[in-house]
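Presented below, as structure tokens, is a lone chain in the form predicted alone.
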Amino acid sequence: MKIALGTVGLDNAFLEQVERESGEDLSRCYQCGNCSGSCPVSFAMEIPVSQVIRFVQLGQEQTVLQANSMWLCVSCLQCQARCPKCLDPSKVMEALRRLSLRQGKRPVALAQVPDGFLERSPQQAVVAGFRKLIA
């Protein structure tokens, strides 16, 4: 994935929106990388968790919202447990999913769910999975 770094302006509406939606103060993140290092699915993410936060700080909305990272986050809270600044990156990922859904972007359509999947899956897994599809 090609990533363009723009200039950081004083008015970063995307950063403010993500902070408001997540309740997290992203200015506290100093890019130590503990969140990405502890994430069990970072190997499959187009942008690691720490870089997602950095791109939000830089106002790179399209870069962040086009990546698969927020959809792969399993909210295991390993990132929060390892953060020296007590940030919760999983809340940021949740906020990014909601913002993306409000823009009409959906990673999977309900019609794509295979027949019988809901009957075979544990209720907790179904609820957790579909939680990602509602704004």
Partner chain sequence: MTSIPYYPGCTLNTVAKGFDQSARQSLQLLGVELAELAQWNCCGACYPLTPNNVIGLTGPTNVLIQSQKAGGTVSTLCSFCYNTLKRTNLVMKEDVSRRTVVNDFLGTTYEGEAEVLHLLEVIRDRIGFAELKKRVKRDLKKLRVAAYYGCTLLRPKAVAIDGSESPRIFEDFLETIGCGAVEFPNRGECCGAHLAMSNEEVVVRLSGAVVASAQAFGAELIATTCPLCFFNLERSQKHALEETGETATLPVLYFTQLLGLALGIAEEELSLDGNLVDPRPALEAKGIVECVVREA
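Because the structure is predicted, anything quoted here is derived from the model rather than measured. Numbering follows the first chain given and starts at 1.
Although it is not shown, the form predicted together with its partner chain is what the next lines describe.
> Within a 4.5 Å heavy atom cut-off, is residue 15 in contact with its partner chain in the predicted complex?
No, residue 15 is distant from the partner.
> Check whether residue 75 has any heavy atom within 4.5 Å of a heavy atom of its partner chain in the predicted complex, and answer yes or no.
Result yes; residue 75 sits at the interface with its partner chain in the predicted complex.
> Would you please decide whether residue 81 lies within 4.5 angstroms of its partner chain in the predicted complex, comparing each non-hydrogen atom pair?
Yes, residue 81 lies within 4.5 Å of its partner chain in the predicted complex.
> Does residue 41 reach its partner chain in the predicted complex, with heavy atoms at most 4.5 Å apart?
Looking in the predicted complex, residue contacts with its partner chain include residue 41, since a heavy atom lies within 4.5 Å.
> 98, 120 and 128: each with a heavy atom within 4.5 Å of its partner chain in the predicted complex?
The answer is yes; 98, 120 and 128 each reach its partner chain.
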